[in-house]
Structures are given as C-alpha cells and as structure tokens.
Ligand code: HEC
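There is one chain below, alone, in structure tokens, taken in the form predicted alone.
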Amino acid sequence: MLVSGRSVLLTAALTLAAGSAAAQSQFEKYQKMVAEGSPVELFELVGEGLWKKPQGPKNASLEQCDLGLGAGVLQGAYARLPRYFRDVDRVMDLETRMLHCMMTLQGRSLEEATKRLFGNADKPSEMEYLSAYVAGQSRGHAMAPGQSHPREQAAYELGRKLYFYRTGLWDFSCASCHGEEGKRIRMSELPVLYKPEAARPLIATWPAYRVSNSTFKTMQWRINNCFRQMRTPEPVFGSEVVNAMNMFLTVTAQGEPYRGPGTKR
C-alpha cells in the first residue's frame, strides 16, 4: 500500500506541475489510500489507557473529568467544544480542559503537566494520545461549540479579529494564507477558513495523524505552528489566543458531523 500510495502521490505531483485540474483528484485518491492504513486507532487505544490510569500526587485517573456534559461523559463532548466552563469562568477547548483536569483531579503541577505537550514519531506526547481518544468519542456528532454565553461570544469575536490581524516580522495574518481561493503550498490546498464550506471538512477531522512525519497532531499544535510559520511568537499552551482561534474556526464549521481523528498529508 505504501509503494502504491507513493506512486499516486508522484502522479499527482507531476500532474500538478503540468497544470492539469486532475491533480486535485489524484491527491484526494492518495489521501483516501493513506487514511485506510492510518494508525489513528492505535493512538486512541493508548489514549484510553492514559485516561483511565491513576497518576499524580492524588493517584487519580481522568475518568471524572468534566468536558462540559458532566463528569466522565465523553460521548459527543469534543464536538461541543470549545465552550464556557463556570467552574473556571472561562472558555476552554479540549486540551485546555484536560490540562485543568490533570491539575485538579490528579494534583499535577502546571510545570509537570506541560513539560512535554508535543511529541514526535518516536515518542508521542500524553496530550496527543488523550486527544485522539477523547475526540474519537464524538464521531458522528455534529460540531456544536458553545455560543450562548457572553464569554463564548467574546471568544468568537476575538478569534475572528485574530484571524485577520497582521503581525510579526512578515506582517502576516491567518488570512494571508487562508484568505483567497486557489492558493496552495506544494501539494496542499489552502482553504479559506472563514467560509463554512471550507472550514467544515477540515475542522471536523482534527486532531489528526500526519503521514508526512508519522506523528499525531493536536489542534493546539496546528494553531501554534501557524503562528510559528508566520514568524510570530507562539501562544502559551491553553492561552486565550488559542482558545479564541479554536472557537472562531469551530463556530464557522458548526453543523458538520465529526469524522476524526483524521489523517493528513
């Protein structure tokens, strides 16, 4: 399958270089083939073990973590994030909320819980495994982030402003790459993410396994990496900036059935 997949990808690259409209069709064929052999289920299985594993000074698991639908309720919870949490009086996405549960339920310090947030092909991080497991419990549920609370509305507005805000050494914004139809980087099309029809299929498949570097990536990593590529200081993990960007993108994609964790190039 790997050899065949590489052949399809090479064909798509050559077709794209020739300027043919068939390139996108070839690339979509490649994406389908690699998705069929994706190891996402393995990440979910390890994540389930970590979710149920007692850790920290309190020797507790995360099984009573409240992701918005009640303590320990996972079915459909990811699809309802980001959302406002009254116990902390702020909007949180999945990773921010799990970090909160690590600290409150397990008694782990912020330093210990965040010492290794983003892993690599040889050693994925705990947060990546957990994200795969929790997100997988929302398959088939419509994306429906919180929008009724004033703080949720404020987070959306902040995320929308940040999307178009130009900053950094290159004076880039998110819209510099994701603001016009027809843009691409190498083989990857750059969707116009402030448009629902473009945001829905993308947001509904994150977090995701990246074939190009054999790693599982979370949504916070994706947002942080965009800031890095814009030559802008990366946001602090779980910051209001990341949660606001996540809120804006997810609200834009609302209504789409969740199909992740996905498989990306």
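The model shown is predicted, which means the values in this text are computed figures rather than measured ones. Numbering starts at 1 and runs along the sequence shown.
The form predicted together with the named molecule exists for this protein as well; it is not shown, and the discussion that follows is about that form.
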request  = State yes or no: in the model of the complex, is some non-hydrogen atom of K53 no more than 4.5 angstroms from a non-hydrogen atom of the named molecule?
outcome  = no
key: Contact label in the model of the complex: R222 to the named molecule, heavy atom within 4.5 Å   = yes
key: 4.5 angstroms heavy atom contact with the named molecule in the model of the complex for C174   = yes
ask   = Closest heavy atom of L193 to the named molecule in the model of the complex, within 4.5 Å or not?
value = yes
In the model of the complex, segment of 165 to 173, 115 to 123, 78 to 86, 99 to 107 with a heavy atom within 4.5 Å of the named molecule = 165 to 173
query = With the named molecule left out of view, which of S239, Q229, Q64, S38 would have a heavy atom within 4.5 Å of it in the model of the complex?
reply = Q229
task = Would you kindly say which of V46, L202, A60, V211 lies with a heavy atom within 4.5 Å of the named molecule in the model of the complex?
result = L202
message = With the distance limit set at 4.5 angstroms and only heavy atoms considered, check whether A132, R139 and T215 all reach the named molecule in the model of the complex.
response = no
query = Heavy atom within 4.5 Å of the named molecule in the model of the complex: which residues of 239 to 255 qualify?
reply = M245, L249
